[in-house]
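Before any questions on binding or motion, here is one chain by itself as structure tokens, the form predicted alone.
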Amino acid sequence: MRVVISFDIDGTLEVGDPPGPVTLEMVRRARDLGCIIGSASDRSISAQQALWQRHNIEVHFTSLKHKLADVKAAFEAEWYVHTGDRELDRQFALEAGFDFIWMDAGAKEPWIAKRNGSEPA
């Protein structure tokens, strides 16, 4: 199953401000499993790209969170999911046709189960 995972940064990723529960190792694991990964944040595109480069993670996309529909249009997949920490993240994800996972649930890596053909716990 082809999966697109969009990560919010602040409040979601361990390197956010404030830090969140999703680790960079989790992001790398998703990428290594073949998921299409990237970020959709309030941070500028250049700031997002610098963050990923600083941590040596190659992502497939960086986007402003209100532009998630453009991410969906750019990648063909069976499941699109955005993980974040605010109601606004959820709103933008659902408007773009993504499923939404709160950051605490994202820290359980539900995309691994989904990618392997089972429902996330």
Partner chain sequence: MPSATQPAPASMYRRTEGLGIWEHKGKVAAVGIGHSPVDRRWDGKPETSVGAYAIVALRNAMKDAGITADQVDGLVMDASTTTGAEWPAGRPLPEEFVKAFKPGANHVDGISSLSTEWIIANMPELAHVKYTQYGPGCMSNCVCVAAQAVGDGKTKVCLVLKAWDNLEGRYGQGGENAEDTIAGRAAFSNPWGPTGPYLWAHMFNEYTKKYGGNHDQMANFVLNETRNGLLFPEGFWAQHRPEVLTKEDYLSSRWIVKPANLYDCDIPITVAVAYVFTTPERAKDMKQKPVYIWNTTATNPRNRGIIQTLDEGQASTDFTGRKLYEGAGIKPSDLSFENMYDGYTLFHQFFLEGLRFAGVQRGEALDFYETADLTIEGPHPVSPSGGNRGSGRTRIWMHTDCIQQIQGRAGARQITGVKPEIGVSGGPMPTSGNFLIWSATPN
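None of these values were measured; they are calculated from a predicted model. Residue numbers count along the first chain shown, from 1.
FYI, the form predicted in complex with its partner chain isn't displayed, but the following is about it.
This chain is displayed without its partner chain, yet in the model of the complex the stretch 85-93 from 55-63, 70-78, 23-31, 85-93 comes within 4.5 Å of it by heavy atoms. The shortest heavy atom separation between Gly97 and its partner chain in the model of the complex exceeds 4.5 Å. The shortest heavy atom separation between Asp17 and its partner chain in the model of the complex is within 4.5 Å. Along 101-117, a non-hydrogen atom within 4.5 Å of its partner chain in the model of the complex is carried by no residue at all.
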